[in-house]
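First comes one chain, alone, set out as structure tokens in the form predicted on its own.
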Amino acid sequence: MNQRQPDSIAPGRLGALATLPVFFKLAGKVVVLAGGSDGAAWKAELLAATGAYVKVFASAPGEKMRATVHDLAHVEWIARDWTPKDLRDAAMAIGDVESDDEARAFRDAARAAGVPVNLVDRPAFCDFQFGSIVERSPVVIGISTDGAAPVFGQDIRARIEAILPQGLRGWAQAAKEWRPAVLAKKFDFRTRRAFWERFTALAFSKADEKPRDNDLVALLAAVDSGLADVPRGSVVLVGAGPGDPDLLTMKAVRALQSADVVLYDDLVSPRTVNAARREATRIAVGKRGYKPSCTQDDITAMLVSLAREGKRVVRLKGGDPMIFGRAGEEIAGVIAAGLPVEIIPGVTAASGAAASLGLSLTERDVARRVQFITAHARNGKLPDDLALSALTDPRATTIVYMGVKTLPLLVARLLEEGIDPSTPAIAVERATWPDERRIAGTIAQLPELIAEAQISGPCLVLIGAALGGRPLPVRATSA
């Protein structure tokens, strides 16, 4: 077999942006707001929350605007229409007006004064737009769909709100207050980054608790005492899941976002690889059965070499790295080199396939046990030491990894051992990917069905009584 060399893949150029996300510092500055509608009242409240002094020009403001002016000291109502000279020295101009002619006049006056301008619900007249906001101030997240689908943006906001604890605002404020103390320590870049990585891990683990000064003391002490005695680099084995990038764990995403280098397998989807930070070096080190592959020794040596250079290395493996991922060899190699290693589990292909099929791998009174096997030995053939009696257990569900090439021989041996030929069996190719295929039949039929389907992608075979008795979901594309 030809040996494959690792490929270093540079991230692609940044794609076209509909808008540029920016953040205005408005504390203590004047913002002009023309209009007294309910929508204008919300804008006034939003702007006042930044510390801006909001001047509202409106002859007859609505009740919400009157209440906003009454409740917020930073909002002033001027009982007349705006004039061009009102825009002088403003940091920003917002208009909620009734006609395109007035919108055009307001925009032109603002631009003449050198002031960025926004007209509510009139994107053609805007220099900038307001997006949906996730607020954990001083952490503020803005979401824009460029006006194409505001409801879509609101749903994205709701999803982010669901995963970001409210308590993070306290930790973000602590980061702001503690930064001078960290800078005073004059750490080098790696040590400073290590401090903030420890801080982030602590913030998410104690998000519901208020940060205390002794947390800062403990973090500084940990960095002071620990980093001089251990290598600066590290290796993290990350489970990429079976294919769908939405199945990445939040911890896996955080690891990818802090990686200097990502070594990834062929079975990892491009979208998953792209979850890494843009500055990270991406290296393809795919190992595929019956195809040119990087050797395991070369991959392990690369992990060690990169970590010794002081890099944070992520080894991105399809599925779960601890299930037929040869993780043990890589872990042993890294530990032998005296380097720290961390493992972040992923969704294994069996779980992904079962969820996609809508079939439970265990059913009361039908399947009491689930067993994972590999049908691919080191020499590429069916392993000689499979416990065939366990595989023919009618109360077990068996998941066969890497078994397409050797499936005919495996099935022949199972039939000889006495497995019921009508036992349900399903092959799932590229589980959880958009082009996933399923081939369903009995254990006796499956080898021929797979041959007819000409499977080319990664494939999992599921065998057992728990898989029968109900139709497959509509997503199935093969009989």
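All residue numbers refer to positions in the sequence shown, first residue = 1. Predicted, not measured: the structure shown is a model, and the values here were computed from it.
FYI, the form predicted in complex with a small molecule isn't displayed, but the following is about it.
Engineer: Which one, 425, 41, 428, 34, lies within 4.5 Å of the small molecule in the predicted bound form by heavy atoms?
Structural biologist: Selected option: 428.
Engineer: Which residue, 125, 196, 401, 77, is the contact with the small molecule in the predicted bound form, using a 4.5 Å heavy atom cutoff?
Structural biologist: Contact check passes for 401.
Engineer: So, residue 233 and the small molecule: in the predicted bound form, are they within 4.5 Å at any heavy atom pair?
Structural biologist: So residue 233 does not count as contacting the small molecule.
Engineer: Give a yes or no for residue 95: in the predicted bound form, does one of its heavy atoms lie within 4.5 Å of a heavy atom belonging to the small molecule?
Structural biologist: Because no heavy atom of residue 95 falls inside 4.5 Å of the small molecule in the predicted bound form, the answer is no.
Engineer: Using a 4.5 angstroms cut-off on non-hydrogen atoms, would residue 467 count as touching the small molecule in the predicted bound form?
Structural biologist: Answer no; every heavy atom of residue 467 is more than 4.5 Å from the small molecule in the predicted bound form.
Engineer: Whether residue 349 contacts the small molecule in the predicted bound form should be assessed with a 4.5 Å heavy atom distance threshold; does it?
Structural biologist: Within the cut-off, so yes.
Engineer: Name the stretch, out of 413 to 421, 448 to 456, 53 to 61, 431 to 439, where some heavy atom lies within 4.5 Å of the small molecule in the predicted bound form.
Structural biologist: In the other structure, the partner sits against 431 to 439.
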